[in-house]
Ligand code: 3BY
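The chain below stands alone and is given in structure tokens; this is the form predicted on its own.
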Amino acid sequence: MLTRAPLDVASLIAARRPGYTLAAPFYRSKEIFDLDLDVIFARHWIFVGVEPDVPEPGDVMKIDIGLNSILIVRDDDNEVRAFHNVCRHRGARIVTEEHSTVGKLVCPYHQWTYELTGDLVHATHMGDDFDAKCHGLKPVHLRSVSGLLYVCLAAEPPADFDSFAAEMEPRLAPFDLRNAKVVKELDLIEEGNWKLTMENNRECYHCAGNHPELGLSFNKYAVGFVPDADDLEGQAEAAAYAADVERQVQAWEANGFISRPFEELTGRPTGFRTERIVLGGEGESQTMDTKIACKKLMGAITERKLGGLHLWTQPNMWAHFMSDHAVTFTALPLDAEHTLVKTRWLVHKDAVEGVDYDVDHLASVWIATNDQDASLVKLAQCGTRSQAYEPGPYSPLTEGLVDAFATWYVERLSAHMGK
């Protein structure tokens, strides 16, 4: 019987060539997938949703990160908490629905019952010596950044999250996400490794040839696209876009909307990038007509043309915040070659469907774009299965942010393996 030698991950990491895609095992190997779940998804801050996912006391959201199932619950004092979705009796899952509303958290197996604070309050037939105080639900680290929810499964989460929150909270404050509502949620399983999903998101080299709907409002020059030196028309477009951006940014910042880019994608556990992007067409929103899709604007915003504030966080999140709505994306690995992408659309909590907004109009651009991206990720995954695959060069003009993602990933594995 033939046995396969263990994968030499350290050598694969050491052999990674900066500016090039990763070696095929990083996209296909079960061994590296398990390492990713441990090193990346169990030791970093992972974006899981938004406070409006649990708008009222008793609302519960279940989310699975690898083999770990987590409950996000709003308690009776309006505090949002996170717990492992594991009964302290015999380990059964307590909540199986993705969204539910409960008075207390009750394990369906033997009806052990927990308060929304995680305290065990009911467990029959356990004898006189049983101490319920020692059997509350195990908490998970949870942080809310202006309503964006991040969890960390590590005993000691990365401390650099504080500086990320300090940078983002003033930028996100005008949108008042805590007082928004989720009007559409869509799950899409991409047939590719989670890193291919993220790499695809970190560049717009592919946008012109694949995203006609997004291209109506999204300018390729907004995310690092640089025309070739002999592309005089492209050079002129890029210069005009840069001048327009400078004018818009000055105007936005004069009105209190922080807009200039801030980027620390590598060299730290909680890598992130943010920038307010000038939108094309009417310049109002990422919609088919580039105008707002919700008449009631987010928070206390009164200006329609606020561009699109974008946010990326390593390892699994991207989002766009416009004057009328926000869109957030969560990438969660399912196995070495499949990734769940959860998309949420949010509007002001007082906006009325059919009066202020139409969901189909609101969501149509990113529904189409998600489907197109899923097809591209599948193509890339198929390519990594071929014996002809070898790491290829990223474009130095348009894919620097993809390289930053791959570099961050390798940094995090290296830091772990160097311990």
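What you see is a predicted model; the values in this text were computed from it and never measured. In case it trips you up, residue 1 is the first one in the sequence shown, and so on.
A second form of this protein, the form predicted together with 1-methyl-L-proline, is not displayed here; the remarks below concern that form.
- Among residues of the shown chain, residue 33 is not one whose heavy atoms approach 1-methyl-L-proline to within 4.5 Å in the predicted complex.
- 1-methyl-L-proline is not shown here, but in the predicted complex it comes within 4.5 Å of a heavy atom of residue 312.
- In the predicted complex, residue 74 stays away from 1-methyl-L-proline, with no heavy atom inside 4.5 Å.
- By the criterion of a heavy atom within 4.5 Å, residue 207 is counted among the residues contacting 1-methyl-L-proline in the predicted complex.
- The stretch that touches 1-methyl-L-proline in the predicted complex, counting heavy atoms within 4.5 Å, is 199 to 207, out of 199 to 207, 228 to 236, 151 to 159, 185 to 193.
- If you check 1-methyl-L-proline in the predicted complex, you find no heavy atom from any of 145, 175 and 321 within 4.5 Å.
- Checked against 1-methyl-L-proline in the predicted complex, the residues 297, 332, 214, 165 give one hit for a heavy atom within 4.5 Å, which is 214.
- The contact residue chosen from 357, 366, 41, 394 relative to 1-methyl-L-proline in the predicted complex is 366, the criterion being a non-hydrogen atom within 4.5 angstroms.
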